[in-house]
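Here we start with a single chain on its own, the form predicted on its own, put down as structure tokens.
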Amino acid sequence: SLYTSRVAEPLEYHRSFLKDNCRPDGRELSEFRTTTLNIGSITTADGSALVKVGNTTVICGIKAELTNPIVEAPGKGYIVPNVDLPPLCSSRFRPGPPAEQAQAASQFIADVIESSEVIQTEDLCIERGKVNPYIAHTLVLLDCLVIGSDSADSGCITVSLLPTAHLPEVTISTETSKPEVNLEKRHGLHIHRHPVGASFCVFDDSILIVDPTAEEESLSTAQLTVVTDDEDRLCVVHKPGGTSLSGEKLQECISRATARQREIQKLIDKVIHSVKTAQ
């Protein structure tokens, strides 16, 4: 039976579909799964979103805190992403300290934020242009709770949700020289770039598929994630092992990632616009 074949010989099972240019879930090789997006669902956060790609849902909360600037960068604030992969996410994860995959995902998002220059960390300085080691700066926490680990794309999309954050206004008191937070007045982050990632994998060193499931990734000979921005700049290429990719295949991935960026950016703009209209 098909089920027995999938369990006993998963690679052959997938190959039987690939030779007809389709996949077990009915998608074509170059077809991304449906992406849905909802913002503002966590009212206690300074910004939040829920991203769903296939069977994976990521709940993202953005929270701003006042913090002391680090010695090496007294005129800058910073963003700290944290990805949580709980046991309910997948049978691969166990209770306890963050798994290696969660740490790798957090680091990947940090790399995307830094390399894409999605925001200038100088913008998180409370008094822009004044380098004062005693003035508190803004620490932006980007917390992502993943439910269902079947899509690498969903994690990448959360970086593009930084425009949904509205941070409280902070001023420096002329009397006490200390920062004062006004929760009633809020402002958006100044977003410089809009990075979006797309994931790929290669079967038998030759067949390229987009937006792979966890099962497809486990059977592939190479995996790749490409992050591009709204100016078609290449921000990050992440290739965790596997066989080498030809220049032609890599270029195809970049082209598809660029198209994906535009598609997701349209979705984000549409959702943000609908929320503003509703208000």
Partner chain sequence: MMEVCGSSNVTLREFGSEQSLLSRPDGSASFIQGDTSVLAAAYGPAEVKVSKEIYDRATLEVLIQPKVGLPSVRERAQEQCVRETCEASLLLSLHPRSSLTLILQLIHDDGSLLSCFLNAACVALMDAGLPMSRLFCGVTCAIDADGQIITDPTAAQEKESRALMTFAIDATERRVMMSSTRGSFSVHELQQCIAVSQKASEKIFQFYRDSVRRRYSKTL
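Positions refer to the first chain, counted from 1. All figures in this text were calculated on a predicted structure; none of them were measured in a lab.
There is another form of this protein, the form predicted together with the partner chain, and it is not shown here; the text below is about that form.
Visitor: What is the one choice in N68, T243, T36, S41 with a heavy atom within 4.5 Å of the partner chain in the predicted complex?
Guide: Of N68, T243, T36, S41, the residue with a heavy atom within 4.5 Å of the partner chain in the predicted complex is T243.
Visitor: Looking at V210, V236, I59, A64, which is the one with a non-hydrogen atom within 4.5 Å of the partner chain in the predicted complex?
Guide: So the residue touching the partner chain in the predicted complex, by this definition, is V236.
Visitor: Contact between L29 and the partner chain in the predicted complex at 4.5 Å, heavy atoms?
Guide: L29 lies outside the contact set for the partner chain.
Visitor: Is there a heavy atom of A104 no more than 4.5 Å from a heavy atom of the partner chain in the predicted complex?
Guide: Yes - in the predicted complex, heavy atoms of A104 and the partner chain come within 4.5 Å of each other.
Visitor: With heavy atoms only and a cut-off of 4.5 Å, decide whether A214 touches the partner chain in the predicted complex.
Guide: Contact with the partner chain, no.
Visitor: Test of understanding: in the predicted complex, would D84 fall inside 4.5 Å of the partner chain by heavy atoms?
Guide: It does not: once the partner chain is placed as it appears in the predicted complex, D84 has no heavy atom within 4.5 Å of it.
Visitor: Considering only 22-42, what residues come within 4.5 Å of the partner chain in the predicted complex, judged by heavy atoms?
Guide: Nothing in the stretch sits within 4.5 Å of the partner.
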